[in-house]
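Just one chain is shown here, as structure tokens, and it is the form predicted alone.
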């Protein structure tokens, strides 16, 4: 039998077994086990003022209650819509921006997804309650709501408050592990004084009464921006990381591991004029610009950002950051690195060509849905 005849026979054989919902691995191995990470996720950027204006417009239209538990606009990666992945910023991560108005309460519930809150705007009276501990939220704070913990939000102040929500929606949905339960009242009962975990852990020391506490979840639910900023300022006495500048990971103070076991959280500090080298890694990340202005180059495409903006770095794409302003840049990000590390999938590679920096071929322009 000639090679062409054999190929025809194999095609006929594949068609025959497909009727029994079977398939030939010899034809499809490369689709299942790729030479390098393969995905459809594109890098993208969302402007803060656009999101903020739309949320304020939604404010009077949507009253919070059991029919509308949260007022959130999520960051939809357009590349994932065609696969029906509604609300996905990457294949694993969901990011949204939430608005709470003075006097409102976002009712208590719990779910299988891990969640973080990063406070963008508003310093007066907004709080989150996690399993009975009430913590007040200020700009730059990171608040954890671990999986299956009761949590609600309230606002005792006078001005709107905005924060970033980060959840592992895609990961949990893919693993078919999603559960959700509303609490029977709007607020979960309080226990202990407000910010008790901050008093016990945020200073880098612990009360001796906490010696026996181990493991997950993190006993600290609010990582105050004042402490994180001080740590970053201290790092400036050292050499910066060539790829991320002066950067810290938020950690569980009892284990030294990621603050949340499934969602990684990082803050990067770029001094004026800093231009990092390019690298790529398996984990995906969604960034929020807390302060400053500059741009990030992802696979040769320039993404120009300023305070409040969001952008996504998909898996295994070259990326580097540049501070073009006169002040310090602070970039907060959520990522799925902890999961990749647990599964033994995380890898990282540095760009060796062109002194570690990419040539810029084009500048990002937002995609518009055709009408």
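Numbering follows the first chain given and starts at 1. Remember, predicted model here, so these are calculated numbers, not experimental data.
Omitted from view is the form predicted together with a further copy of the same chain, to which the following refers.
Checking 301, 293, 108, 112 for any heavy atom within 4.5 Å of a further copy of the same chain in the predicted bound form turns up a single hit: 112. Proximity to a further copy of the same chain in the predicted bound form, defined as a heavy atom within 4.5 Å, singles out one entry of 131, 244, 104, 152, which is 244. Note that among 89 to 97, 269 to 277, 153 to 161, 118 to 126, the stretch whose heavy atoms approach a further copy of the same chain to within 4.5 Å in the predicted bound form is 89 to 97. Remark: residue 51 counts among the residues lining a further copy of the same chain in the predicted bound form, judged by a heavy atom distance of 4.5 Å or less. Within 4.5 Å of some heavy atom of a further copy of the same chain in the predicted bound form lies at least one heavy atom of residue 37.
Interface membership of residue 223, defined by any non-hydrogen atom within 4.5 Å of a further copy of the same chain in the predicted bound form, is confirmed. A residue is said to contact a partner when one of its heavy atoms sits within 4.5 Å of a partner heavy atom; residue 317 fails this definition for a further copy of the same chain in the predicted bound form, lying far away.
Taking the partner from elsewhere, no residue among 288, 322 and 327 has a non-hydrogen atom within 4.5 angstroms of a further copy of the same chain in the predicted bound form. Taking a further copy of the same chain as positioned in the predicted bound form, the residues of 159 to 188 that bring a heavy atom within 4.5 Å of it are, in sequence order, 167, 169, 171, 172, 173, 174, 175, 176, 177, 178, 179, 180.
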